[in-house]
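Two forms, one chain: they're shown below as structure tokens, one block per form, named structure 1 and structure 2.
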Structure 1
Amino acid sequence: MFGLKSDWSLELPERYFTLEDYEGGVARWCPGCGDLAVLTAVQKILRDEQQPPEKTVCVSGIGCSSRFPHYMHTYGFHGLHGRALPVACGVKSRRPDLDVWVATGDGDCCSIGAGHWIHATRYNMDMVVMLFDNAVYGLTKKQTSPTSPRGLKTNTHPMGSWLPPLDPLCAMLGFTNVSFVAQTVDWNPVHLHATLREAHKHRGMSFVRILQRCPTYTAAVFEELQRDPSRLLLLKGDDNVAVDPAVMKIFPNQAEHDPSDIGAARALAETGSQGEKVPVGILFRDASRPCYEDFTMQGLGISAEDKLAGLKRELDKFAV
């Protein structure tokens, strides 16, 4: 009967979020930029998890990738150069209930922000850190970055970069209290999405290095990897990134890897840094590492009166 609940009526949730609920401003990255694939992957993960936009925060520093918060219809903080991680840690320490995502570049994180990078890893606060690695300072128009390959000609090194590049994976796996390290590529959206999804599930700082194409300044850097999948090594196993068998066929080289073995993870990262098989998947995961927000969240519910009383008690200890 019309107007009465029938057996076939659907129980709809009070709120249901679609992709449009996470879309902010129109992305102004260059056509073909790998950042676009990352943006879509994050929006799909939030939609699949039905994460409320008002409970999500995207934090960034300075760089092309750091425009990420502008393109998300969530809370966002576009910080200073190299300061994405301390801002994100500050957010998480006072609002541990929020879902925090960090967008940072190879220059923003590995150069001016390197000190914060080390300590944020040690804090191991629950957030996803996405390193958009295009091997160049793109926003400021083609300067050498810490991950630029040797010989790359840039505005700061017109004869070619002199030094071997810093490898973010090798660095991460040497930091204290590291709990999650993974690598993926922007040109395989299925693996990209699956890797970020696993990172989002992990409690602790999930660091995902994304090999990200810059069609304007470093179009050739990842061209060989993109054209020749045999240069990549797909990491698989029960505790690794799960992708469709059809996608796995793209990777001629595959290896079983236990992410709990940090020694094996370091060996894989070192092999990849030497230009041999570049690993994609989860290199290391340890959910037992302590998270700093478990300490910083203590006392968050204390009233202003109780805080003032506690402060007075401490100051009274110095009375003479």
Structure 2
Amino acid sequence: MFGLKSDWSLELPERYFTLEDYEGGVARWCPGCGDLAVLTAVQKILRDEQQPPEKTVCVSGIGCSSRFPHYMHTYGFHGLHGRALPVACGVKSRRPDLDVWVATGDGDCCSIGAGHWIHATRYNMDMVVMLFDNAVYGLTKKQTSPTSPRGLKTNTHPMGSWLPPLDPLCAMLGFTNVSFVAQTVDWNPVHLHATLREAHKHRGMSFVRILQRCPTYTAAVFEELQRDPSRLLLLKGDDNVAVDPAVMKIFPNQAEHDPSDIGAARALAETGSQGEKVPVGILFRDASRPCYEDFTMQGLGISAEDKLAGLKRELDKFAV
């Protein structure tokens, strides 16, 4: 409850934020678009945690899903296609006080921005990275994405896409210094919310792949998953996403999974990539991995006098 601490003392902060404090205008996504559910979930988390809007920065690339910052009433950076992660890392590099959220599409992250994706994972800076995976390019009107299922008919592959899809979870679990990998679905708001909350709590780059319905271009891809929850595998356990028993009942398939076990995580991702037993929950978490901001923050807040003295010492080195 608001203001009530665990020792039952009450501390009332000056400001209290309601959901409206995080809402930035009417979202212009298609009716039924999965992005809306993510937006609501993030706003709720910020409200629950009473995160000041001015201390929150939502960074995105370009795509339907990258419109995300515009619908938040926080600071936002709607930048270039594929380049959300370098910008987000730059924001964090010297401003550890800012809460950074990244919204990126499957084209944005796994295609044009794939190089940055690998390296941002390795930098492991404290932020939540939400991969809005609708298995297609939405904004540019239905081209094949790296995560499109094989055979998907798109405007660039009218006879069906040629190659098997890239699996973002398998990829992530192979990148050096990965520290948090989870998967959830937009159509289960409880699990979505709980997963993003866990991601937000983790210090490091928390990568959450959100299977996201695109009713306009890939309705069929997700319809079956949505209709038949037995295709999903709910990961549970002490260290996993905790959801209400009523919600857990929806998932016929459940498995205990310890997120510290990267081998088990890779096996789950591999099975899921075949389209059966698609895991939802936290696959991997390791809070001990180094975070790049611990290095880039060096010298933060050094006084002007010390700067001047440092510079003078440098100039002395070159003096004749």
Partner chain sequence: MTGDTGTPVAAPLEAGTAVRLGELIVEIVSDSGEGAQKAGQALGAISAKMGNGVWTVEIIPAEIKPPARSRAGASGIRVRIGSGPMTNMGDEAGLVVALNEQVLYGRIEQRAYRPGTVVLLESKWKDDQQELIRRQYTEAVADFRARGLVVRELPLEEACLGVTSDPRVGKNMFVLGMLCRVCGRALEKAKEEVAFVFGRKGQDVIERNHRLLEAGFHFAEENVPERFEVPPAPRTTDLIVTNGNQAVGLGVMAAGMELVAMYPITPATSASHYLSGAIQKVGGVVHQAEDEIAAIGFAIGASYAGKTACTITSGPGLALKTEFVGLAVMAEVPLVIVVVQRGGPSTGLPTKVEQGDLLASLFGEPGDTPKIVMAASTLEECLLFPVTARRLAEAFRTPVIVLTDANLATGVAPFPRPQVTPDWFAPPVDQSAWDPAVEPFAWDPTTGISPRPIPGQRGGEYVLTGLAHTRRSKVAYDPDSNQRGCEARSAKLRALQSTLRPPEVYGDASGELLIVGWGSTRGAIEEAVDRARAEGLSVSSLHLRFLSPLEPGLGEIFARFAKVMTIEINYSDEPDAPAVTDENRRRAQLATLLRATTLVDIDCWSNVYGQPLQPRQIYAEIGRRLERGGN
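So that the term is clear: the rigid core is the largest set of C-alpha atoms that superpose within 1.5 Å between two forms. For numbering, take structure 1's sequence and count from 1. Given the structure is predicted, the values throughout are model-derived calculations rather than measurements.
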>> Quick check: structure 1 or structure 2 for the form predicted in complex with its partner chain?
In response: 2
> After a core superposition, would you say E20 shifts its C-alpha by at least 2 Å between structures 1 and 2?
Replying inline: no
> Cα shift of E305 between structures 1 and 2 after core superposition, in Å?
Replying inline: 5.3
> Upon rigid core superposition, what is the positional shift of the Cα of E314 between structures 1 and 2, expressed in Å to one decimal?
Replying inline: 4.0
